[in-house]
Every structure is written in structure tokens, then in C-alpha cells.
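Listed next as C-alpha cells is one chain, alone, in the form predicted alone.
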Amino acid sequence: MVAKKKGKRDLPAALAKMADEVIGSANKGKTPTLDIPVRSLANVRFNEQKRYIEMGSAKQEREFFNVNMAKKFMQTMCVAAACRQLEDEGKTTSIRDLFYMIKHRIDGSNENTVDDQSESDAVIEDLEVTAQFIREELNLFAENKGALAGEITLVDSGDTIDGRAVGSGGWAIPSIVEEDVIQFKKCTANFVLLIEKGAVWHRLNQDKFWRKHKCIILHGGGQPPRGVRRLCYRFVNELKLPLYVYVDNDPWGYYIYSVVKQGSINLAFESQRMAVPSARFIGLSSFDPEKFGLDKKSTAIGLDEGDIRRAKEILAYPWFQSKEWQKEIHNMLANGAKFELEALTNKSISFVTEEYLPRKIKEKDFLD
């Protein structure tokens, strides 16, 4: 099973259109403006049909001749120009590098174009939603985070990577995993397993879980970064593989799963190219300690006030309203305890690979 490479979207045309609109307004004697989609909770909704979080249609005008908006307008154009330069030169750079690319003293003033990276990071997100190109398509990357191993051969910037022969550390998943960088050459996997923690991923890799069960295993070191989420999206949509998410039994693990499945409230503009509505929760469930005979006295961790508050917030999310999820979260609260993935080691060092996950998969014991 091999995914076909598609043509790259026309970033220069999208950025040129933005510039032409600004220049056109100036030539007509009008105030140059940019229409920026509003990135706030008030402009976010859960699309029941598509089953992911998406942005609404609300926009705000960013005017050049407005003392409160002029600097932000200038920063937006600076970031757009830098991204166009990267595209023209066929290069990528980090979001930290981009901060320095656009930082300089404004002529005739004592001000800089940007003083802190948080300013340029926010503008990058504005540009993403305005031009409708995600950060990675703008040739910007963050630090690598996460690793992969398993039944797939892929091509990374021209180099062939065999997921079956990547050693104990796995293939380091890059921030940019778009089709012009990463191509899928050969895949013999039956499913993808996304694991919350690197330490647990190492157990599965050392035990060659991926070989015995014909799968791809990857982790994102906690909340998976955009590169890992985007790669999962591609596995599901291009290779038609099911995605199972394996996280701690606590409110934060539930939230990680929901971000993978429905998208992030803060980054709702990315959902259509990152969320995987078909993803399934494979564990750790609040019912698993009893089902698998865990010693609760030695493995349970009491819920603190923050856990309880977060669990109650999650209970109200539209995407957690199913009968099964309400039962799952209420059971965790009733237990007054949470369990980490590593708790399964209390049974035996390889209990997770030899008994827990094989049984879960065989019995299709998932939450949707």
C-alpha cells in the first residue's frame, strides 16, 4: 500500500494575493487592511457532521493607518515576506530563526519590528488562518519531538527510511511532514498506535510489538506536536489505517486523545488537516485496573483538585457527551484515582505488550 504524491499548493500565489490587495487599497487611496479570522473561543464550534472543532466565520480588520494596529499589520507583512523568501530559496527554517529574520530597528525610531518571539509566533498563526496554509507549508518548523518504528518504509527528503530498522531510538519525526518532504514508499501495517509517553513507546519498540502485530508505533512525548499529529492524519487519510491512541488514565490523557481526534480549541483552524475523527481510545481506561487485575493500592494515584476540575470541564465538552465517555469519566471521578501507563508494569515488565494491548485489540475494546 503506497500513497501517491500530490502537487504542492501554490504558496507564492496566496502570499502575492495578500500583497496585491494591500497595494490595491493604497493605490485607490484607501486604508490598507487585512482581514484576519478571529482566533478565540467565541469563534470556535464543534461540527457534529465532520466531528471536529473548527473556526467560525468571524474576522477582524487589521488596518495600517490605525495606531493600535499599525505595528501588528507591519509584523504580518514582515512574516509573509520572510515566508515568501524561504519558498523562493527552497529552504525551511525554525520559528526561532524567523523571529531573528524579521527583527530589526525601525528607521527613525527607537522601536524594533518585534521584541519577543511570542509576537512573531502569534503573527505566524494569523498568517496561517489568513493564507490558509499551515505553518509547515509556510516552510517553518519547530524542534523535532517524537519517534516512530514499525511496518513502513518512507522517504524523508530523498533518504529512504525503513521503520523496521531504526534501532532503539526510532526515526525522529520531523516538524514538517508534508508530501513534498515525506513520502510513503511501502506500508504493511494494519494499524497505527499513538502512545503518549516515550518511555512506554521504548518498551513496545524493544519488545518489537510492531513486528508481531503488524503496526506502526509512534509517540509525541506527551501532547503530540503538530508534526506527529499531521503524520497520523496522513497515515489515516492516505494509507487508510485505523489510529489507536494510548494515554494515561487521567483528565490530561483524555484531553490528549480529544486533541488528536477532534482538534485543539486554541488551534481550531488546523483541524481540517490535522484532526482524525476516526481515532479510537485504546486505554488506559478507568475500568482497566479491575479488568486486568492491577493492584490498586500500589498503582493508583489520587486525583487532586486540578484533576477533578479538569475532568468536570471535559465532561461538558460536546465531543465527550456519548454515553460511553460520560460513564468513563464519571467512573474515574468515583474512583477518586488516576493510573499512569507505567502502572501496567506492576504486573510484569512486558505485560503491556504481551497481554494488555493484544487483548484490547482482539476484543476491539475501544472508546470512540
Partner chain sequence: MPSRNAAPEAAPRRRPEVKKATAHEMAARQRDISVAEFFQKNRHLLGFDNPRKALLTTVKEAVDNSLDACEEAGILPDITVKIEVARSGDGSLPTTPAQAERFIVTVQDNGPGIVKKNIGKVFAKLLYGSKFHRLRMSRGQQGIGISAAGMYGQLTTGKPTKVISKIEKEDQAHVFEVSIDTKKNEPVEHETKSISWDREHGTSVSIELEGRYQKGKGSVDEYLELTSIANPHASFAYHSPETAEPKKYPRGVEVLPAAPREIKPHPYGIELGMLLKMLQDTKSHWLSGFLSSEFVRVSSAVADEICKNAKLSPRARPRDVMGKDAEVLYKTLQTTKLMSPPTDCISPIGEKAILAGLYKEIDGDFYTAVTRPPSVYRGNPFVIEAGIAFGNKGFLPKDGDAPPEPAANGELALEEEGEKSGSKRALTLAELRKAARLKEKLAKEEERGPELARLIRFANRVPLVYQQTACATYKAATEVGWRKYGLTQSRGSLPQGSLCIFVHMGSVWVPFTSESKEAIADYDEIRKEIRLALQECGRKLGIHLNRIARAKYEMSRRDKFGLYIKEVAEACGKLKVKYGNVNVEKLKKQLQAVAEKVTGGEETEADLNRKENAPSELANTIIVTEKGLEGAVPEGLLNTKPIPVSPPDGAHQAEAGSGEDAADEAPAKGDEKEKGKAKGKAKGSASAQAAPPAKAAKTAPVPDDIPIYSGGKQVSGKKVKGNAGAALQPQKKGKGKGNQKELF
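Residue numbers count along the first chain shown, from 1. Keep in mind that this is a model prediction, so the values were computed, not measured.
The discussion below concerns the form predicted together with the partner chain, not included here.
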Report the stretch among 286-294, 132-140, 72-80, 234-242 that approaches the partner chain in the predicted complex to within 4.5 Å, counting heavy atoms only.
72-80
Tell me, yes or no, whether Thr113 is in contact with the partner chain in the predicted complex, where a contact means a heavy atom of each within 4.5 Å.
yes
Hey, in the predicted complex, does Phe64 get a heavy atom within 4.5 angstroms of the partner chain?
yes
Taking the partner chain as it sits in the predicted complex, is Leu333 near enough to touch it, meaning that at least one heavy atom pair lies within 4.5 angstroms?
no
With the cut-off set at 4.5 Å between non-hydrogen atoms, does Asp10 touch the partner chain in the predicted complex?
yes
By the heavy atom within 4.5 Å rule, which residue out of Arg84, Lys197, Lys261, His213 makes contact with the partner chain in the predicted complex?
Arg84
With the partner omitted here, the residue among Gly302, Gly306, Pro318, Gly29 that in the predicted complex has a heavy atom within 4.5 Å of the partner chain is Gly29
Each of Ala16, Ile23 and Ser109 near the partner chain in the predicted complex, meaning some heavy atom within 4.5 Å?
yes
